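Encoded as structure tokens, the following chain is the form predicted alone, with no partner shown.
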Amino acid sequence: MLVVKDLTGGYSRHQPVIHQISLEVQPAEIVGLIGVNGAGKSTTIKHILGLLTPQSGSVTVQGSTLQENPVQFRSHLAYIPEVPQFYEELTLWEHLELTARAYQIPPEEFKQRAEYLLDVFRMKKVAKWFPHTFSKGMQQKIMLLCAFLVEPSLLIVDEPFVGLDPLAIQALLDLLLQRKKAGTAILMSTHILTMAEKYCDRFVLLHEGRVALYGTLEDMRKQIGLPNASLEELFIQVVKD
């Protein structure tokens, strides 16, 4: 589904932030992207989305690159950003309608999906409200609603739990597992390592802009020589030096 090969880039051509990043996310799996602040997680995600142009390397989704077929590339994926982004002049429902039109979701299917998601995240009562009146957690739910509405082949999630209450976190985790079961490939950046260990199938641990460990928990234990280590212990071992 998603193949990132030897990706090097950043915000300045003279000072790359990430170096030769390679990773894959297959259908029906969740890959955790982990690392300390500044390790290159968000930069990697921005390159995958096409928001930054790599200095070298490639990103393919379903065999296509953004340069070869931008419409097809973008139609396969949805993105949940760390910081909510919305239009102040649109209500929550209008955000969902806009998303449905952009992804050409049939009207009846849109209505069914939207009502289900509003119920799951307990947002039905505020569907006609404007997002600037929402709390940060409720604004984050807009991002969740729009992304899950699409039912994409590839879902990219950047620190999705920030600002969410426990019920919303559980609803999000349940939906991630539903999408995984339905065949969605999911790349999730998170600092919550105990949750990542429980829900992710494989991991990419970035350190100083490079892949330090990669694979299943068992793979990474072998790579570093700690056969019984938890994800958090592996993480600390890599980044403490």
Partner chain sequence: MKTEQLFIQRMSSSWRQAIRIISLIIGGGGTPIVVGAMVIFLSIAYSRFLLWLPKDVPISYAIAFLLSLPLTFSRLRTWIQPADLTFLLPLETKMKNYFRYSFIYSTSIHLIRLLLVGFILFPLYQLRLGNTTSFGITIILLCLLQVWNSYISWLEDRLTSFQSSRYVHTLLFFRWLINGWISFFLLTKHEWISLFSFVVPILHLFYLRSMISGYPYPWMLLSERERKTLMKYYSIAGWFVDLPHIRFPVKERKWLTWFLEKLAPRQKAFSYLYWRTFFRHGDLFAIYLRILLWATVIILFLPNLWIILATLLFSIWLIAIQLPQIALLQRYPLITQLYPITQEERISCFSRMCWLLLASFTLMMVMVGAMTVVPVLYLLLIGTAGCLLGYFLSYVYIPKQIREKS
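Numbering follows the first chain given and starts at 1. Please read all numbers here as calculations on a predicted model, not as lab measurements.
Omitted from view is the form predicted in complex with its partner chain, to which the following refers.
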(message) Can you tell me whether R101 touches its partner chain? I mean in the predicted bound form, with a 4.5 angstroms heavy atom cut-off.
(response) yes
(request) Evaluate I192 for contact with its partner chain in the predicted bound form, applying a 4.5 angstroms cut-off between non-hydrogen atoms, and reply yes or no. (result) no
(message) Can you work out whether L177 and its partner chain are in contact in the predicted bound form, taking contact to mean some heavy atom pair no more than 4.5 Å apart?
(response) no
(message) Can you tell me whether L90 touches its partner chain? I mean in the predicted bound form, with a 4.5 angstroms heavy atom cut-off.
(response) yes
(message) Partner absent here, but in the predicted bound form, which of 181 to 189, 209 to 217, 34 to 42, 49 to 57 has residues with a heavy atom within 4.5 Å of its partner chain?
(response) 49 to 57
(request) Note which of Q170, T133, Q85, Q112 lies within 4.5 Å of its partner chain in the predicted bound form, where distance is taken over heavy atoms; exactly one does. (result) Q85
(request) Please state whether every one of the three residues D201, Q223 and P227 places a non-hydrogen atom within 4.5 angstroms of its partner chain in the predicted bound form. (result) no
(request) Any residue of 47 to 78 with a heavy atom within 4.5 Å of its partner chain in the predicted bound form counts; write them all down in order. (result) L49, L51, V71, R74, S75
